[in-house]
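Take a look at this single chain in structure tokens; it is the form predicted alone.
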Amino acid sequence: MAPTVPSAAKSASPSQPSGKSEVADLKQQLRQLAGSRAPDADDQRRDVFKRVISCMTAGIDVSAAFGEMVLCSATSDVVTKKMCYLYVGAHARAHPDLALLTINFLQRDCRDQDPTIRGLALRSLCSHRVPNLVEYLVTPLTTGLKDPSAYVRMIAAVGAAKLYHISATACIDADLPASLKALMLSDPDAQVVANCLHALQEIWTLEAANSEAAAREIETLYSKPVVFYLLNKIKEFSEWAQCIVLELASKFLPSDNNEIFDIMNLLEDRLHHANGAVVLATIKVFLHLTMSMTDVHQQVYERIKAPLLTLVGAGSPEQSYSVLCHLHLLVMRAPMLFSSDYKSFYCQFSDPSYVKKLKLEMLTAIANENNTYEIVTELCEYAGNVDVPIARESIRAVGKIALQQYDVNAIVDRLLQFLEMDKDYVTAETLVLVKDLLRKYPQWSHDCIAVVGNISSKNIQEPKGKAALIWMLGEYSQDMHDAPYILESLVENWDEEHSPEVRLHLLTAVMKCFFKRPPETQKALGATLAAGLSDTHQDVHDRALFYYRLLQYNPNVAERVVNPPKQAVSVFADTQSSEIKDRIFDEFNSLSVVYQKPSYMFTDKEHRGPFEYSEDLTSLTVGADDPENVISAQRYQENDNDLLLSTSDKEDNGTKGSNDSSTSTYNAPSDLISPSLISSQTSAETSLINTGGPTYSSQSNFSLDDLLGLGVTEAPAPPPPALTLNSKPVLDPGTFQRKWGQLTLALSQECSLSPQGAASLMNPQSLIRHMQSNYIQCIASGGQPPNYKFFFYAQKDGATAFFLVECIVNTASAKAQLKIKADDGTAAEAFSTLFQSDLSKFGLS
């Protein structure tokens, strides 16, 4: 047999690079090709460059070949140039010393005869983002903005924004914003105009925090000449550029109705655009411009229905979902206007589950007396869906429609039919809805109980379904013959029930049943209380102990506590406040609508990771507050302006809790506080309670008597003296922060701004100067249109008491939310009046 010939060593293919040996081989080949004038040199360079880019893609460090790549960059081949620029841009920031080697050939290429190479070189030069090379960027950018090629001017406009992020001082000193503005208003190329507009918005928005001139320049962008100039050219723009121009137009404040109609006429054809982003941006302009015109605003809803429904049926499921989210927001604001289009929201077999869920919510919202039967019939078909979450949502949707008082008779019959489907999740969801229906429509109890009584608790596995059944067994035990025995069997299996919710409902249900059918339930009650008292769950143990002591004290009182006469529930609580919904509407055509929450809830730092947002204005803490980690207000404003836009949710929740305690759904029976109950206490108990108790003055007694309506009157309090403020208050940021965290909220109010004031807020510094002229100082501010946030303080003249104010202004609605804290709470109302008076005068002078 002939000996085997050893195979020649093969070089690694571009798709399978071999690490350091491959890089060394590439470097050697690049050195050989540097300066080569062979006829096929350009083709060889291109092949080697492809191998270098392939290694980069595979994650191999090829920065060692940086010098050789620069040497081989002297070529007229555009493809090779692009690969070279890609390589340089990827490694320049990580190797700033090596990046200096690229300056000469990039500047040379910026003067090339081919506009494509000039543009590519300028883009690569601006993409280095190396602070040490800033001085080499200004001249090429200035020249690029005046280049005869639109492509180069387009690249230069974006490069100016990149330069600002690298060195704001260099960008401003070179007067690039002024050049961009002039180019925006005079350049014949639409894409150049769009890039200039985008760069100017980015530069001036960031610069406005430190410069009043920049704030004034932002105002010029929202002026009538600029807005109408851009709108007249909108058909020439790309889809991306149209969205930028339309976003600008949505922030424009017209001076009269004629301007509103002019803009709407200009943009009418944009509603038929094939791109969904353009259509949504146009709708945002229409909605925001007509907010103050009720009749026209309603007509806008009618006008935008067809384009939105067309977009829902076209394109990918992801696009349909995004459009549906915006349509969902509009449906929730004006359900009656969409009630005739209910068939457009029927679920298709091919729809993803997230699209189906959104459609179910909209079907629930638009149901009325004219379409309830058709909608409920459709929803009942979904109850047997193989997609269990959608089946659950459809059953809930039927129940929500029933709670809206539309054709309740037929809907109750449909719900009761669900109980015959013999599916655990269907039964559980249906029982929860039947419970809610009985709370609102007690007159349907006989029909519902007749069906519910045939359900075995052993067939219900889900805790919420079992809890609903137990609630009905206790509430309507007088109508259900087997109720005491069913409850007794549940008590016997107490240890096997792992859900605290079910055990809590079982305790209350047995108590209710005992007061309605004592002989049959007495044994079960004793066993229930004994099991509850030995329960390891704290809530269950406490409730059992409470019931035991209440029965021990007085069974009649226990009955009035556990089973008081109840009124039908008229309205069920909404899960989202109207303020949140309005803020989402203000951020139409953004991710806020898709996430169904305002942008501050998913962009600000207090909502990221394990951070805990403290009441302090300027500190983000993990765990306990550390005074050493407090950031000054000035530094905070420079580093994180948008964080000031967030609301203090903890403070709002605390305020709600204190206020809502006086408006409970169930009031204690009046005879629980009658004199007979008080006199039934033993003398020892009375003396024990009175010993060490607080003593009340006659003034307090008179106030209590008046509160109880006993006719005691008092002389009206004299009007408070007029409040005057110190003209030169002094309060450092640290003290402000400490006071804000320590003081309780004195007032929370909403007030209005004049239209001129809302327009003037394009320059937030103007409001700060206006309030300073009224002896109210600003210690921190931030935000972007249409939302701005300010923290003010003032001092009472002749006293050390300070007033602290959080002011959140929405320029779109011309509303301001005020939160006031004060050292002297008695003067908070007077200061609030003074502050609102000063705020209402803003922009009028």
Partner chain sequence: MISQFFVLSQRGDHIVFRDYRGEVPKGSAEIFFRKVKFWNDDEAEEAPPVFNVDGVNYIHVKVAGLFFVVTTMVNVSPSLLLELLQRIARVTKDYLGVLNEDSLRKNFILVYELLDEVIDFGYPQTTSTEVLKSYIFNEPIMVDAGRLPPLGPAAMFMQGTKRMPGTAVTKSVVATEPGGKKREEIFVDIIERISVTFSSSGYILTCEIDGTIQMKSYLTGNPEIRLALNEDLSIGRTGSSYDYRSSSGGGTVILDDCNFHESVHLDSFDIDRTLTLIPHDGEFAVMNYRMTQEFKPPFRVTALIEEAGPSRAEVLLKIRADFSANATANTITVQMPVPSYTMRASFELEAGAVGQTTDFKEGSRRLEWNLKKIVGGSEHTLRAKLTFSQESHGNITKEAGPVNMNFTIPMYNASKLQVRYLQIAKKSKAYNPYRWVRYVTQANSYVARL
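Positions refer to the first chain, counted from 1. Superpose the two forms; the largest set of C-alphas matching within 1.5 Å is the rigid core. No experiment lies behind these values; they were computed from the predicted model shown.
What comes next is about the form predicted in complex with its partner chain, which is not displayed.
Contact between Cys243 and its partner chain in the predicted bound form is found at the 4.5 Å heavy atom cutoff.
Proximity of Pro389 to its partner chain in the predicted bound form: non-hydrogen atoms within 4.5 Å are present.
Taking the partner from the other structure, its partner chain in the predicted bound form has no heavy atom within 4.5 Å of any heavy atom of Asp447.
Looking at Lys343, you'd find a heavy atom of it within 4.5 angstroms of its partner chain in the predicted bound form. No member of the trio His505, Asp797 and Thr826 reaches its partner chain in the predicted bound form with any non-hydrogen atom inside 4.5 Å. Proximity to its partner chain in the predicted bound form, defined as a heavy atom within 4.5 Å, singles out one entry of Glu217, Asp479, Asp582, Glu202, which is Glu202. Checked against its partner chain in the predicted bound form, the residues Gln348, Ser186, Asn409, Asn370 give one hit for a heavy atom within 4.5 Å, which is Gln348. Screening 484-492, 430-438, 447-455, 118-126 for residues having heavy atoms within 4.5 Å of its partner chain in the predicted bound form returns a single hit, 118-126. Taking its partner chain as it sits in the predicted bound form, the stretch 287-314 comes within 4.5 angstroms of it through a non-hydrogen atom at Ala306, Pro307, Leu309, Thr310, Leu311, Gly313, Ala314. In this overlay on the rigid core, Ser76 has a C-alpha that sits 2 Å or more away from its partner position between the shown form and the other one. Look at Gly783 and Arg333: in the predicted bound form their Cα atoms come 3 Å or more closer than in this form.
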